[in-house]
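Here you get one chain, nothing else, as structure tokens; it is the form predicted alone.
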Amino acid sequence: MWWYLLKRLGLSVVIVLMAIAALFVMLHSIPGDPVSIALGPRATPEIQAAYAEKMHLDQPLAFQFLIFVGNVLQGDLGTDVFSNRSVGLTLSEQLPYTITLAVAALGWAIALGIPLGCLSAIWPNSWIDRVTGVLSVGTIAVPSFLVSIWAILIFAISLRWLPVLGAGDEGDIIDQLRHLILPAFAVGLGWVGYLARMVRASMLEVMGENYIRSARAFGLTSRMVVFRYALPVAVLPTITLIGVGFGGLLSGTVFAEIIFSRPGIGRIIYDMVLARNFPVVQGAVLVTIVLYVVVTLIADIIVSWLDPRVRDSL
């Protein structure tokens, strides 16, 4: 187990370093002069030169990359060039909103998707299975930004049941939950279908195993066979999907935070890319990458703990 953990940690570090390098190259490949875009057309050459020196933009790209990596290793994500605030402080204020939205979206998707998958596997080719299949494919096919727009039109504008903009009043939990419902619904809807199809396929495979047939031969009830023997094994691939899905939800929250005007990491990335505020963009994307890798690592550790065969596959 410890050797497996060391290999997964090493692989995670390599992934983060590669992602940092790719991020750095893509940011500096965006068309336009970052100095002119950040300062505007009226900035004097002296101000532009001072800004370029402060951001190390007058140095070769390789040297800029080494500076960035060195600062990250020291826990320094840089300084916002406009507000002169620490990027780490800014992100620490916005990250809870994004994590809350992703957890809420994934939570209700798990609560609905796994039972639907189980029902489809228990009664295959029944009307429940067919309805679940149609709903699963339908929810997967519809993009989250389109769901967001229709959710606003129906539940906020037409029915006036839920608020649209913002994250709610600070300190008012009820108001924050009401502002969270529509974004979480829009972001998590597609994952209901993914989880339902994954659980169904895994359950059908497990239900055909010899130990399941032996359990039935010993006279165990269908309820005990499904929930005690089949589901714990069938849910293992789903745990991995949930880990990957959390990372996908982090990217999906960008649309929700923009459409619903919510604070969060995704909104910061969008605004700062337009402003060419490289330190904030680099820090925000780096935090997202690290969070994604950590969640995936936790999911792999849980699966390897539940199924020792996974430890020998790496």
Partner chain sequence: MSETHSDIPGPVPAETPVPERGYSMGREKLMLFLRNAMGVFGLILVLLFFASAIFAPLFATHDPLAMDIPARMSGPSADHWVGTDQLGRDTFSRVLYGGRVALKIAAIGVTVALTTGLILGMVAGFGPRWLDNLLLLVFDTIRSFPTVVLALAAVALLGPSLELVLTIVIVTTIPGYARLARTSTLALKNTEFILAERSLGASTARILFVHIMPNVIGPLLILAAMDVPVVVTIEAGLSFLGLGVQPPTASWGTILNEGYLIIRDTPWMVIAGGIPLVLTTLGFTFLGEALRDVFDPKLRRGR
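Rigid core: the largest C-alpha set superposing within 1.5 Å between the two forms. A quick note: this is a predicted structure, and the numbers were derived from the prediction, not measured. Positions refer to the first chain, counted from 1.
Omitted here: the form predicted together with the partner chain. The next part is about that form.
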| item | value |
| --- | --- |
| Heavy atom contact within 4.5 Å of the partner chain in the predicted bound form, the stretch among 219-227, 183-191, 141-149, 111-119 | 141-149 |
| Heavy atom of G88 within 4.5 Å of the partner chain in the predicted bound form | no |
| The partner chain contact at I128 in the predicted bound form, heavy atom, 4.5 Å | no |
| In the predicted bound form, L9 touching the partner chain (heavy atom, 4.5 Å) | no |
| Touches the partner chain in the predicted bound form: L61 (any heavy atom, 4.5 Å) | no |
| In the predicted bound form: members of 184-222 within 4.5 Å of the partner chain, any heavy atom | R197, S202, E205 |
| Threshold 2 Å Cα movement between this form and the one not shown for I298, core superposed | no |
| Core superposition between this form and the one not shown, C-alpha change of V13 at least 2 Å | no |
| Shift of G264 between this form and the one not shown at or above 2 Å (CA, core fit) | no |
